[in-house]
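A lone chain, given as structure tokens: the form predicted on its own.
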């Protein structure tokens, strides 16, 4: 990896006081070459305090805006602060910080703009309920078809972004960059995307914020969002760079 590359790990968190301290500590111990930023997405517990005591920088949003707005806030912070790479890590402990080095290497070496962690490129013991797995495969198939390259996991939140990529995320509406659709937008802008295998664990504690209703509605939102993206003019990289 190149020297003097500034990397910011962005950890969106909503009511994750039970988990976020351990996540921050593990990031600092296993990936000492990064800075850690927790975006407290309007939590009503002590998420912000726990994160700060664990050694992370903390930005508190005034109320719950949703994960993608929280990630966008972190990417905007990185863009303003002159970071070269951002890494998105979930606050529930499912992602493995020692794998951050492998995730960022292709971006740091300027071979790719986005590196997506995949639970399915290798069998690392991650078990997905059948219905959810069918949905993930559908999203991956449609995304791969549109991008013209194979993507096996479009919903894993463990990703690395170079400046051009997180600059786009920071500059446009966060709602447009949800999972699969975000990859399509970045790919259509001419950014280079790579997928690598990652390990995903069971969450440390607490509950997922993804309800059964959200899981049911998501496929319809995805298809409608994808149609809207394909029907309009391509977004461009901030700064006027042609794509």
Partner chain sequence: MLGPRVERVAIVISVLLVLIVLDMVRRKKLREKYSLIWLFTVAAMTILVVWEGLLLSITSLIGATNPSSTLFLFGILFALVILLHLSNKVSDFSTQLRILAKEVAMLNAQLSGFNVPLGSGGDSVSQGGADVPGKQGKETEEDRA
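Residue numbers count along the first chain shown, from 1. Just so it is clear, the model here is predicted, and its values are computed rather than measured.
Same protein, other form: the form predicted in complex with the partner chain, not shown, and the subject of what follows.
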*asked:* Please identify the residue among 61, 189, 196, 31 with any heavy atom within 4.5 Å of the partner chain in the model of the complex.
replied: 61
_151, 85, 115, 73 - the one with a heavy atom within 4.5 Å of the partner chain in the model of the complex_ = 73
*Report whether the minimum heavy atom distance between residue 48 and the partner chain in the model of the complex is within 4.5 Å.*
yes
*Using a 4.5 Å heavy atom cut-off, state whether residue 77 contacts the partner chain in the model of the complex.*
yes
*asked:* Whether residue 67 contacts the partner chain in the model of the complex should be assessed with a 4.5 Å heavy atom distance threshold; does it?
replied: no
*Using heavy atoms and a 4.5 Å limit, would one call residue 181 a contact residue for the partner chain in the model of the complex?*
no
_the partner chain in the model of the complex reached by all of 8, 21 and 25, non-hydrogen atom within 4.5 Å_ = no
*Among 131-139, 77-85, 97-105, 116-124, which stretch sits within 4.5 Å of the partner chain in the model of the complex, heavy atoms only?*
77-85
*Within 4.5 Å of the partner chain in the model of the complex, which residues of 20-45 have a heavy atom? Give them in sequence order, or say none.*
42, 44, 45
